[in-house]
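Given next, in structure tokens, is a single chain: the form predicted on its own.
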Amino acid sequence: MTPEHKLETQLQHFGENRQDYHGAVVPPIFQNSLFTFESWEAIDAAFDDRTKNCIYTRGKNPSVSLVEEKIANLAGGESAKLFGSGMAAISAAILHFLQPGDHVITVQNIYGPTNNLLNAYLRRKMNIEVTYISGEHIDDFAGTITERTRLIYLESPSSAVFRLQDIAAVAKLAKEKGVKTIIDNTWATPIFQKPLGMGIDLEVHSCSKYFGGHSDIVAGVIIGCEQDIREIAVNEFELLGGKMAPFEAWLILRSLRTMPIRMQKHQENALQVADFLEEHPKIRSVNYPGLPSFPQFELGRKQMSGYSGLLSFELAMDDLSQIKNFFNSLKVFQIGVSWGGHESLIYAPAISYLKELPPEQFKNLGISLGDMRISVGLENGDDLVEDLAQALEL
């Protein structure tokens, strides 16, 4: 494969030396825990660089390494490291940059468990200070950086309300101030957004979402420069044990083949659903960066080439029994907490946020009981609209 090949072709063939696997069009799964050596000298040499040699699958495995190479290539990074969950990847990335007493700037609507890691666990364990901002303006960041600021953590679009941050502007400011940056790019995926090319240091994903795409794996990945990924591999990855199993890596490899096609269909369906919801009298508002009415639509067009299938809307209902009736009346949309799979899902963020966050922080998120998050899947778009319509009429 050469750089001239487009991403769809790269995802089919990049990194696959089929002559090594007897011409098999699908690479084998190296479902083994260890690798043996012919001599003292051979295993001794392997230990000189554990990140490049297969010794024990908790460190490096050929099935996992192939997928890491493909993902790094897709995102425009030098290297990538797969983990056993999205939170394992996020935790490792954050810990890589932090020391006790450091200061972190992040946005108000980050993923709940990430918030808990920063604001509860690391604050308690490492005396980490966290400042939350809306992130919609670069001045929000510039006015919050202190001499203790070590990390800016982004999530664009952010959870629940899908606010955007100007990624290139934040990366530029951070570099000028000597501050590291991480972005959770799970929503857009590297198909539609490439933050590393905008100057971000590390990109993290829950591969359980669009990278997997079939709701049958839990995984995560960090993408970045060779030095950072190598240091993470021998420290946070190896010592905290967040390894990726060979079979799960193989499932991601399968899913990468269809990822561009799937993302286009997610986008097509989501735009159809968002248009319907925006015009419905029982809907107060719709949060979807792909709508021209979205307040940051132009910023989205500048830094994204497309939109995924996750969006939210607020019901024009305040009575909890009416809200529950709508929620429970859907037939095609299933009730579930995750997203990014082939199936369409609905969830009310208030259910978990009220359990995870203090009341004051929940209030600052701007989320009500009537806010619904939907993951628009790969079903027929007309059927999805009809399902929402019938539930809204009951």
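Heads up: residue numbers just count along the shown sequence, starting at 1. None of these values were measured; they are calculated from a predicted model.
Omitted from view is the form predicted together with a small molecule, to which the following refers.
Novice: Pick from Ile232, Leu202, Ile90, Ala72: which residue has any heavy atom within 4.5 angstroms of the small molecule in the model of the complex?
Specialist: Spelling it out, the residue with a heavy atom inside the cut-off is Ile90.
Novice: Which one, Ser159, Ser308, Gln193, Gln165, lies within 4.5 Å of the small molecule in the model of the complex by heavy atoms?
Specialist: The residue in contact is Ser159.
Novice: Do Ser208 and the small molecule come within 4.5 Å of each other in the model of the complex, heavy atoms counted?
Specialist: So Ser208 counts as contacting the small molecule.
Novice: Is Asn119 part of the interface with the small molecule in the model of the complex - any heavy atom within 4.5 Å?
Specialist: Looking in the model of the complex, residue contacts with the small molecule do not include Asn119, since no heavy atom lies within 4.5 Å.
Novice: Indicate whether the small molecule has at least one heavy atom within 4.5 Å of a heavy atom of Phe294 in the model of the complex.
Specialist: Judged by the heavy-atom cut-off of 4.5 Å, Phe294 is well away from the small molecule in the model of the complex.
Novice: So, in the model of the complex, is Trp339 in contact with the small molecule at a 4.5 angstroms heavy atom limit?
Specialist: Yes, Trp339 lies within 4.5 Å of the small molecule in the model of the complex.
Novice: Just to confirm the contact call: exactly one of 237 to 245, 312 to 320, 95 to 103, 214 to 222 touches the small molecule in the model of the complex at a 4.5 Å heavy atom cutoff, so which is it?
Specialist: Heavy-atom contact with the partner occurs in 214 to 222.
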